[in-house]
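This document opens with one chain alone, in structure tokens, the form predicted on its own.
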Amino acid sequence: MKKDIKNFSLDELKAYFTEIGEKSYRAEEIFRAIYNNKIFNFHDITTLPKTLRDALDNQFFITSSEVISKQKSSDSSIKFLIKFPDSSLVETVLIRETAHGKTRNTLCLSSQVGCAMKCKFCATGQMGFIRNLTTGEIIEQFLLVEKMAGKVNNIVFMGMGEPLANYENVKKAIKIITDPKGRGLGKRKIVISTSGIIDKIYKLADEISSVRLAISLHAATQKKRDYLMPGLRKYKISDLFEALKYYNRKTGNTITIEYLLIKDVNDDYKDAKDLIKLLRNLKFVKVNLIHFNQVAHIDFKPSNREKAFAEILRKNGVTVTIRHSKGEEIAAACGQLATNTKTSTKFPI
């Protein structure tokens, strides 16, 4: 069975070529071809000898998935539905933002097929957990989108799945995408959004501290968070904030607290005061208040108290923004990503 060459870091590829009696610099040629030039066929990497191209083609593949639908919203967001050989489906979203005549492309990457966190407001959470994506499958989303839609400026691991529950593959994918011999995307251009896998937050601070961190909090009391995010009941808020204090001290990075405002659930004055009390434990922190995007079969409603909630935070010295997600009309906004191999609608590319 062929192996996915994107599962190999540059050092691992160099070791492979040395083992088979080839020059190690061949690995750098392959990295440039795949990650810079978006060449997805070994026979098209003409800097390599034909015998080596044949050998690589017999043992490895570069891509294995197909984009089976592409939807574009009126705000220029594009949602891609990607199918892997085992029929697993993931969605990834390209968000386009134009300011001062310049367009910035942010890619919302998936790390799992489904999710085990069971968050009541999230379509992916309603799918349940199916499997982790491999390193190569995470990277493949990035490569396919860049080839089809242009250069990506930023990556956010906010798609399907809990990235820190697939920590090693996410970490390795980041290492490969940011390798200066390949695509060379800056680590500061990457955000990992987690619901709060505490032990992995410590590892993140120690191992890839340049990557930015966002926490999907959504409630400031244990009881309310357990209700909204039942898959996280074993992770206590007090322990989570101890990990975040460590992350602050170790990295000096600002942590973004993601807070989805849901009508009559987590949006009143007491909720705001409880959140302020928690945030006093952190040195570098800001809050993103997120508009709730309607999801089928979920009865929650968007809050009408967004501005008032934000004002309470600001008056207490908290840096806060209100984020209205893009792509809602094509179910590409926060909390709306979900696939089902039997029911996913296919749209023409």
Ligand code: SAH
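Numbering starts at 1 and runs along the sequence shown. For clarity, every value in this text was computed on a predicted model and none was experimentally measured.
FYI, the form predicted in complex with S-adenosyl-L-homocysteine isn't displayed, but the following is about it.
Contact check for 9, 33 and 176: none of the three has a heavy atom within 4.5 Å of S-adenosyl-L-homocysteine in the predicted bound form. A heavy atom within 4.5 Å of S-adenosyl-L-homocysteine in the predicted bound form is found for one listed residue only; from 158, 90, 93, 244, this is 158.
The partner is absent here; in the predicted bound form, the one residue of 122, 107, 201, 170 having a heavy atom within 4.5 Å of S-adenosyl-L-homocysteine is 122.
Contact check for residue 293: a non-hydrogen atom falls within 4.5 Å of S-adenosyl-L-homocysteine in the predicted bound form. S-adenosyl-L-homocysteine is not shown here, and in the predicted bound form it never comes within 4.5 Å of any heavy atom of residue 256. In the predicted bound form, S-adenosyl-L-homocysteine stays beyond 4.5 Å of every heavy atom belonging to residue 137. At a distance threshold of 4.5 angstroms between non-hydrogen atoms, residue 260 is in contact with S-adenosyl-L-homocysteine in the predicted bound form. Only one of 214 to 222, 99 to 107, 263 to 271, 137 to 145 places residue heavy atoms within 4.5 angstroms of S-adenosyl-L-homocysteine in the predicted bound form, namely 214 to 222.
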